[in-house]
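Here you get one chain, nothing else, as C-alpha cells; it is the form predicted on its own.
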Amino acid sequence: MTVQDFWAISPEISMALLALVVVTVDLVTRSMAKVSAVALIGLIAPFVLTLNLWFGWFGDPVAGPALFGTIEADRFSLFFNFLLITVTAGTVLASTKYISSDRMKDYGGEFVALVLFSVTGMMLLVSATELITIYVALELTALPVVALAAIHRTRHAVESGTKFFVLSAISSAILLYGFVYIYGFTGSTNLEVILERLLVLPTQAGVPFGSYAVLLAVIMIVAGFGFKMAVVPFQMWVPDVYQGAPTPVAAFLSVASKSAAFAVIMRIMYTAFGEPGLMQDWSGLFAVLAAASMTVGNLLAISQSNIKRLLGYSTIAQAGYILVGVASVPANQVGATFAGAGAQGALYYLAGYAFTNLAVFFAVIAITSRTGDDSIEGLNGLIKRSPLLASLLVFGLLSLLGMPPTVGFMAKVVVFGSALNANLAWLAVIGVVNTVIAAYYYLRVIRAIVFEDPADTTPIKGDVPILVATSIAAVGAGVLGFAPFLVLEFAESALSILPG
C-alpha cells in the first residue's frame, strides 16, 4: 500500500478509528453524554477529509483508484460520504437521550460504536469498484445492524434482529452467486474490466444482456441489493424490523442503508453494464421494480395502525420513486440537455429523502419516548400537546407525500420528468397515481395530529438534542425544496460514473 492508498480511504479510516475511540471513552467514563459528544465532534474528521478529497486543499482533488484498483475515491463516492456522515451525525444527536435511558445505559457506547462501524462499511461500499470488495464491505455494513436491531434484547427486538440476519444472509448468498456468474463469464471481478469483456465476448441475438448467464447474474445482483434497497419483492423484512427495532435504528436503516445500496447498484450498473444496449435491458428491469415497489408499498401502508410499520411501508414506496430515476438511463433519453438527468434525480431524491425521513423519525422518537405509544391513535391531538413536534412531524409527512414547496415535491418533479425524457411515460403516470394513493394514509396521520382530540392532555416536551436534530432535518428538507439547485449541481458533478 502507498501513501496515496491511505489518502484515498482516509475518511473511512477516520470513521473506523472514531468507533474505537467511542468504545474507549465508554469503557473509561461510562458517561453517555461524553460518548455522544466525542462521536459528534469526531465526525468532523471524516467530513473534513471528504471535503479535502473533493476540493483538493491538500493533495489531489480526487485521489482516484486505490488499494490495487478496488476502491475509487471519485466524486460519486464522496457525494455519498457527505450524505452518510450527515445522517450519522443526526442519528447520534437524536439518540443522545435514548442511549442514556435505563434500558440502554449499559449498551449506549456499543450502540454508537456499532452505528459508526456500519457507516464505515457503507463508505467503503459506495467507493468499491471490485466485486469481492463490494461483498466484504456489504457484510461490514450489515452485521453491526443486526446487533443494533436486537440490542434491546426484548422478544420483539430479538425477533427483529433474527429476521434481518436470516434474510440478509439469504440476500447476500444470492448476491454472491450473481457475482460468481459474472466472474465465470467474464473472468474478472473489476467493474470496468467486466464491461470491456462483455463488449467483446460473443452474444446471443434476442437475449437480454446478450447471454442467459449474464441475465441470471444481473437478476441475482439486483435481488441481493433489492433487500438492502427495500424494493418489491424483497421488502418483506421492512415492516417487522422497523416495528421491532429501536426507533433510532429504524431511522438509520431507512436512510443510510438505503442510500448505500442505491449507490453501489448504480455504480455496478453504470460501470459494468454501461453500454447503451445493456443499459436499456436493465432499465426495463428497474422500471418494473419501481412500479411494483410504489404500488405495493402504498397499498399496504393504507391499513396500518402503527406509525413505525406505516413508515416501513412508506420507505418501500419511496424506494420505488428513487428507482424511477435509476431506470431513466441516458440510453433511453431523447433530446435531453444532460444525459444523466435520471441518475441526477435519483441522487437529489436520496438527499431530500434523507432529511425528510429523519425529520419524521426523529419526531416520532421524541413523541414515543414520552408516551410509550407508537400507534397512530397515540398521535391524536398532538398539536395541542406539543405544537413544535406536531408541526415538524406534519411538515415531514407532507414532504414524504410530495406537497409543494417541500423537497419531496421537487424530487418527484425531477424523477418523473427524467422518466418522461427517457420514454418511460407509463412509469411517470404510475408514480403520479401512487402519489395520490399515498395522500390517503399520510393525510390520515396528519388529521389525527391536528384535528382529533387527545386522550391525554399532558404536554409533551422533547429533549433538546432530539429537538435540535429534528429541526435541522426539517429545515434541510425545506431548504432543498426551495433551492433544489444546491444538490442538483452537486449531484451533476458527482456523476463521473456515467458513460461519457
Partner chain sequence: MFDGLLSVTVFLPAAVAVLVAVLARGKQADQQIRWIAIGATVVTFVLTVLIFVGYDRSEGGVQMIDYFERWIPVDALRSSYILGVDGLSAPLVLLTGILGMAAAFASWRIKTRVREYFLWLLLLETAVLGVFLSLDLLLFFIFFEFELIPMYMLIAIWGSGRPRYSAMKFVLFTLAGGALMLVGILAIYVTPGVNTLAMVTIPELGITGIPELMAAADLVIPAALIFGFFFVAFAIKLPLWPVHSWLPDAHTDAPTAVSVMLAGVLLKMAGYGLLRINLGFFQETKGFTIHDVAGPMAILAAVSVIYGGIITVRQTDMKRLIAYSSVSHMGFVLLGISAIGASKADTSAGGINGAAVQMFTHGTITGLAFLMVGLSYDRTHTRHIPHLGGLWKKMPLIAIFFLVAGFGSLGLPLLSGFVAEIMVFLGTYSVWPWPTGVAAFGVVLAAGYTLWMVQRVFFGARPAKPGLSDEVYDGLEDASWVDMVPVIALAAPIFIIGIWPSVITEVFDIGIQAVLK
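Positions refer to the first chain, counted from 1. Note that the structure is a prediction, hence the values are computed from the model and not measured.
What comes next is about the form predicted together with the partner chain, which is not displayed.
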query	finding
All of 417, 452 and 484 with a heavy atom within 4.5 Å of the partner chain in the model of the complex	yes
is_contact(residue 186, the partner chain) in the model of the complex, heavy atom dist at most 4.5 Å	no
Contact test in the model of the complex: residue 16 vs the partner chain, heavy atoms, 4.5 Å	no
Close approach of residue 405 to the partner chain in the model of the complex, 4.5 Å, heavy atom	yes
Non-hydrogen atom contact residue 298 with the partner chain in the model of the complex at 4.5 angstroms	no
Position in contact with the partner chain when the complex is considered in the model of the complex, options 71, 310, 99, 341, heavy atoms within 4.5 Å	341
Among the candidates 243, 421, 386, 235, the residue which, in the model of the complex, approaches the partner chain to within 4.5 Å (heavy atoms)	421
Candidate stretches 266-274, 281-289, 144-152, 406-414, one within 4.5 Å of the partner chain in the model of the complex by heavy atom	406-414
